[in-house]
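Read the single chain below, which is given as structure tokens and is the form predicted alone.
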Amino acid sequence: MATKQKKNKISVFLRPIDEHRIRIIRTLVQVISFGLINGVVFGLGRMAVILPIEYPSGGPFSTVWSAFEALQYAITFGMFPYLAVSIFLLVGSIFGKTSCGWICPFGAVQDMISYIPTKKKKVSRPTNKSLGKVGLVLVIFIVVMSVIIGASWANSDPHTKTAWGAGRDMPFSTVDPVSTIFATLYYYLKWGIQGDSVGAEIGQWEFLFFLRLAVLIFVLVMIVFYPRAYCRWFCPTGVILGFFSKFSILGMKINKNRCTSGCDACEKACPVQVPILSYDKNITDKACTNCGECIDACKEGALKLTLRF
């Protein structure tokens, strides 16, 4: 009897771990990834590695390059971004948007913010789909701006882009909330405290600084009430990866033969509101980040993250 009671106690203790096993594993991966991506603070050197994540390449502790920033950088210097496009194509077609759900530092920040005890809101499916187009418009605008800057640079004598100001190399960096939270605020405070001449230069960008701050606050407030709002509606990296994710080798699968209770626990758990039950086998929604929240929520084992051939 005592042995049975002991087993029951152990079972009760382990139940939360079992119910959130994917989330626990993913959180560990996010913590390790965050440490490696910010590895300069631990003595690691910067590496010539490009990843499809939202993180400023010019961050004070960054060890890697952001693929979307590399794309902008190449175009504004009049070159086709072969390497950045190849990274998006390769990673997107193999892993889909897994890097968004498991590795991206700002994705981890959004997950942490989601734990703030507020009533989470949802939007209708048509609205969710329509808002997702905002990111596409943003990508098109940024690429067009980069092409214009690149063309003006190539035709100038001598080559210069100073007229384009702070966004001359990477236009999106001027308002990018991820760049603001991981780089701008750090440098602004550091140079301001040290009285550095560069700090004085930043002070001349007062409007731009407060514009960036306003964008960041807007995004953070959105995330508090709408989980992963930046990921599903605004993120340029997510938009590009989404083009390939529906054909990716790694992705979510649903087994409708196991889905017999008629519940929608998986859809309720999905932070980006993917209409999971509308798919018969492969879940190919471009918003899906393969985070695995739906797997934890499903008590029938109808969902899994697996190779799709």
Partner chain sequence: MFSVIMNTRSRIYLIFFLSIGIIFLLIAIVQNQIEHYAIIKDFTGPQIVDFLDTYTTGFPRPPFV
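Positions refer to the first chain, counted from 1. All of these numbers come straight from a predicted model, not from anything done at the bench.
Beyond what is shown, the protein has a form predicted in complex with its partner chain; the following relates to that form.
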Heavy atoms within 4.5 Å of its partner chain in the predicted complex: which stretch in 173-181, 131-139, 214-222, 105-113 meets that?
173-181
Considering non-hydrogen atoms and a 4.5 Å limit, does its partner chain approach S86 in the predicted complex?
yes
Answer for G58 alone: is it within 4.5 Å of its partner chain in the predicted complex, judged on heavy atom distances?
yes
Test of understanding: in the predicted complex, would F244 fall inside 4.5 Å of its partner chain by heavy atoms?
yes
Using heavy atoms and a 4.5 Å limit, would one call E206 a contact residue for its partner chain in the predicted complex?
yes
Candidate from A269, L277, V64, C259 lying within 4.5 Å of its partner chain in the predicted complex - any heavy atom:
V64
S33, V41 and G292 all contacting its partner chain in the predicted complex, non-hydrogen atom within 4.5 Å:
no
Residues of 284-309 having any heavy atom within 4.5 Å of its partner chain in the predicted complex, listed in sequence order:
T306, L307, R308, F309
